[in-house]
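Next comes just one chain, in structure tokens: the form predicted on its own.
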């Protein structure tokens, strides 16, 4: 029985050690960051061509809109909800922003219009989920199909041609790419700070952890839920504007698979799918890890069809790790 007493003593010491508590609290984020670091070190040795400046800049530029949407998705999942309609919202906002730009609207007016359209679609989801207490998976599945099929019927697959000055925000390609990357990072930092230091961020965690306890503490869970759906819609509208800046045309099929990509980044990044726990820094590391897989396979001369298998394995490991952690905390 001595090993039992020793184990209990170690657990007690762990609980009273601030550094150990910090390590335990952020273990998932640190493990994802470590996996990303190991992958990047391996590529530096096995495929140094991966670090060519322009391809790497293009990769980060393509992922910039995804990072913005993933910030919103993290809020929704932390609050113990889900939104699988973001891909369709992204397509609608992209097409609407493109049409407004084609009507000679200046970018400083197109951007808030795109954000407002996304926020409106998010408000519809939020009203159905928070107001009518409907399951978010069912609501957002329905709106995903509605927005996508409605857009297909209206556009019939026709692209939107953008006027000069929209692509790369009127800058050179290299400067435009840097501007989009920096913008996405600014959104990430601001949201991470808000989630940590503002009451609204703590409310999201509280509702995701225990909605009834949050209500008894004076928080309005339905309002928090509604707000997270509005925010993810607004983020999607913002990301759509970043999307149309990367091409002279807008594809009405843009955003296909975006919902799965952002949910995967959020879950791999350490956000508990059961809600109440997670950080945006982990989401950033998770997104980078998943985004590096495809170019890494290309530079290692491995068949591209392994990408989805590897991503699926990473997601499965993340979900299993989250489940094991939840079970250990309940003991």
Partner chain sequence: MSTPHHKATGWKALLFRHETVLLLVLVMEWLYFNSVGRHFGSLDNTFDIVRHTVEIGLLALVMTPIILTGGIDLSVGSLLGLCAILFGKLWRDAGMSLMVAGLCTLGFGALAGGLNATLITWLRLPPLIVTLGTYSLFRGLAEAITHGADTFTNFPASFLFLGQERWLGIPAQAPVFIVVAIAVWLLVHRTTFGRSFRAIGFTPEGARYAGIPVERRISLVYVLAGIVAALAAIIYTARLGQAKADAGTGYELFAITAVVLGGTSIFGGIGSVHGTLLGVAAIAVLSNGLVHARQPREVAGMLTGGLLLLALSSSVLPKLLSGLRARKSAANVAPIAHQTTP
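Treat the numbers as computed from the prediction; the structure is a model and nothing was measured. Residue numbers count along the first chain shown, from 1.
As for the form predicted together with the partner chain, it is not shown, yet the points below apply to it.
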Testing 300 to 308, 58 to 66, 283 to 291, 44 to 52 against the partner chain in the model of the complex with a 4.5 Å heavy atom criterion leaves exactly one stretch, namely 300 to 308
*Closest heavy atom of residue 30 to the partner chain in the model of the complex, within 4.5 Å or not?*
no
I'd like to know if residue 273 sits close to the partner chain in the model of the complex, meaning any non-hydrogen atom pair within 4.5 angstroms. yes
- Query: Taking 4.5 angstroms as the cut-off for heavy atoms, does residue 158 touch the partner chain in the model of the complex?
  - Reply: no
| query | Does residue 108 reach the partner chain in the model of the complex, with heavy atoms at most 4.5 Å apart? | reply | no
None of 112, 170, 135, 248 but one has a heavy atom within 4.5 Å of the partner chain in the model of the complex; the exception is 135
Heavy atom within 4.5 Å of the partner chain in the model of the complex, from candidates 174, 190, 103, 260, belongs to 260
Within 67 to 96, the residues having any heavy atom within 4.5 Å of the partner chain in the model of the complex are 82
